[in-house]
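One chain comes next, on its own, written as structure tokens: the form predicted alone.
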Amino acid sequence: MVYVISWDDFVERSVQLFRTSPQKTRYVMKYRHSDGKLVLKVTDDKECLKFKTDQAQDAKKMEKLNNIFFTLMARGPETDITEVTGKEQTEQPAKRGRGRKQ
């Protein structure tokens, strides 16, 4: 078992592991309220990746990882996941408020 320190590295390696053997890969979340620790594990019985955190802000990151895995499982392992990760976001037009005209 390998604890991966960097979140981005964990996501990259987890997606790569899923793409190599999608039928055997499992994704497990374990939260211990008494310790306040969250452990994420991705394994295919040959390789096991783990990420451990106690930061509450990592919950949003975990949600994005869930969306990545759901997309890969639903659309297939060769799916482009840039729309899910949000790394290549297009520029959005400025919103016009309802304030006073000047």
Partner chain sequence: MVRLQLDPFLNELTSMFEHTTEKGSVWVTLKHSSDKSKVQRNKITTAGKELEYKCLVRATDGKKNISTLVGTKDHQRFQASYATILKARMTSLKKREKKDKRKAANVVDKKLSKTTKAMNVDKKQQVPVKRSSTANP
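Note that the structure is predicted; figures quoted are calculated from it, not measured. Positions refer to the first chain, counted from 1.
Form predicted in complex with its partner chain: not shown, discussed below.
For the chain shown alone, Thr25 is a contact residue for its partner chain in the predicted complex, at least one non-hydrogen atom being within 4.5 angstroms. Interface residue remark: Met73 is counted as part of the site for its partner chain in the predicted complex, having a heavy atom within 4.5 Å. Proximity of Lys46 to its partner chain in the predicted complex falls outside the 4.5 Å heavy atom cutoff.
Using a 4.5 Å cut-off on any heavy atom, the residues of 41-71 that reach its partner chain in the predicted complex are, in sequence order, Thr53, Asp54, Gln55, Ala56, Gln57, Ala59, Met62, Glu63, Asn66, Asn67, Phe69, Phe70, Thr71.
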